[in-house]
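One chain is shown next in structure tokens, namely the form predicted on its own.
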């Protein structure tokens, strides 16, 4: 009798706990959607998307961004890092202090076909731009795990990645689209060109990449016509300071005390000042439409990190309009820029399209339409 009463009491408390949990989840979702503007789904709601589960899958992904699951995930991530050194599914640790993005090492089904499809997309865009009198230069940024291979300490890259960037660039050049692989420019002996705790290149890498791109652009036979009026670019460098890495944030351990996190990078940040070169440019060019940038840069956060644009402007002695987007992957920035008033009303003479190597073979489903 007493045991039966105890079981009923336990069941009641379990029921209360379950109801409280559901209420907390519902409140968390409501706060996320109403207060934090988390969309219920970013997936267009169509019958095929409903039937194959894409809508429900995206809803689950969006609700994971609401306060309760987000807080629970961060606690779990921090505990896993402190207890066993685990950084979760999106970040891997190589040698001590060196973090890498898991995406770079992911083998995608039909990756070769995806890369081929993206090559055809770039070729079509180049053809359309050429018809408008606009040139296109494609630059592929190699994976951090390729350039910083000596810091992998056991983290493995698939053998089929060996020629991934170079072969894609070679095929693009063969198709008549100027393209370059930045691997050789960034693979400097005994010098790190990527940040340790961040996805991106450091200023040494950005400078090396910009210098290689500058040399290629200046070698074109009518470079002055493409680049527009010359500018003077001056650079100053600050004292080194700690720099938080995006991979620490992606791993969900940025809320821990600094002493418990991987050591931060220490970075001397450059500042660039661009001014018209009055000694070589006439008044009409200084104040008319000719003064607008003739070069537009589309791409990803690489083009927005470690002063890549500053180094590029300094090398070209020309203004560069930066239309790159964080998280743009293969074509996010291209889709936004080519439909923007800036492109329609003041088209450039040259577009530089920066593409990370890791984006070449990703599934095509998330690419915006460029055709």
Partner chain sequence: MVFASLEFLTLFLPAFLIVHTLSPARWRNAVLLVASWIFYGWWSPILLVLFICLTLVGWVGGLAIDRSGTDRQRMRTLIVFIGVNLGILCWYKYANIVVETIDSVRGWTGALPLEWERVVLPIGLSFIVLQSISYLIDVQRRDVDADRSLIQFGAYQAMFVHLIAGPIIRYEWVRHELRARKVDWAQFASGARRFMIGMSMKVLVADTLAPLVDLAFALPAPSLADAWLGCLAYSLQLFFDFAGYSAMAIGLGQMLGFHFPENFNHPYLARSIQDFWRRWHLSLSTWLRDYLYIPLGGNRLGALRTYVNLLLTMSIAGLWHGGDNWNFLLWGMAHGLALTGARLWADAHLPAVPALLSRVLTLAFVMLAWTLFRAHDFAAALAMYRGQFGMNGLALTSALAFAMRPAHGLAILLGIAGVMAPALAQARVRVPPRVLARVDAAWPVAGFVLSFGLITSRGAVPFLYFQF
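Residue numbers count along the first chain shown, from 1. Keep in mind the model is a prediction, meaning the values are calculated, not measured. The term rigid core refers to the most C-alpha atoms you can superpose between the two forms while keeping them within 1.5 Å.
Another form, the form predicted together with its partner chain, is not on view; read the next lines as being about it.
Site annotation in the predicted complex: the residue of 242, 97, 176, 85 reaching within 4.5 Å of its partner chain with a heavy atom is 85.
Only one of 64, 38, 321, 342 lies close to its partner chain in the predicted complex, with a heavy atom inside 4.5 Å, and it is 64. Partner contacts here mean any heavy atom within 4.5 Å of its partner chain in the predicted complex, and among 298 to 306, 332 to 340, 312 to 320, 56 to 64 they occur only in 56 to 64. Heavy atoms of residue 363 never reach within 4.5 Å of its partner chain in the predicted complex, leaving it off the interface. In the predicted complex, no heavy atom of residue 263 sits within 4.5 Å of its partner chain. In the predicted complex, at least one heavy atom of residue 155 sits within 4.5 Å of its partner chain.
The closest heavy atom approach of residue 108 to its partner chain in the predicted complex falls within 4.5 Å. Counting a residue when any of its non-hydrogen atoms is within 4.5 Å of its partner chain in the predicted complex, the hits in 58 to 79 run 59, 60, 63, 64, 68, 69, 72, 73, 76, 77. Relative to the superposed core, residue 156 undergoes a Cα shift of 2 Å or more between this form and the one not shown. Positional change of residue 304 between this form and the one not shown stays under 2 Å at the C-alpha, relative to the superposed core. Comparing the forms between this form and the one not shown on their rigid core, the Cα displacement of residue 17 reaches 2 Å or more. Compared with the form shown, the residue 53-residue 336 C-alpha separation decreases in the predicted complex, the change being 3 Å or greater.
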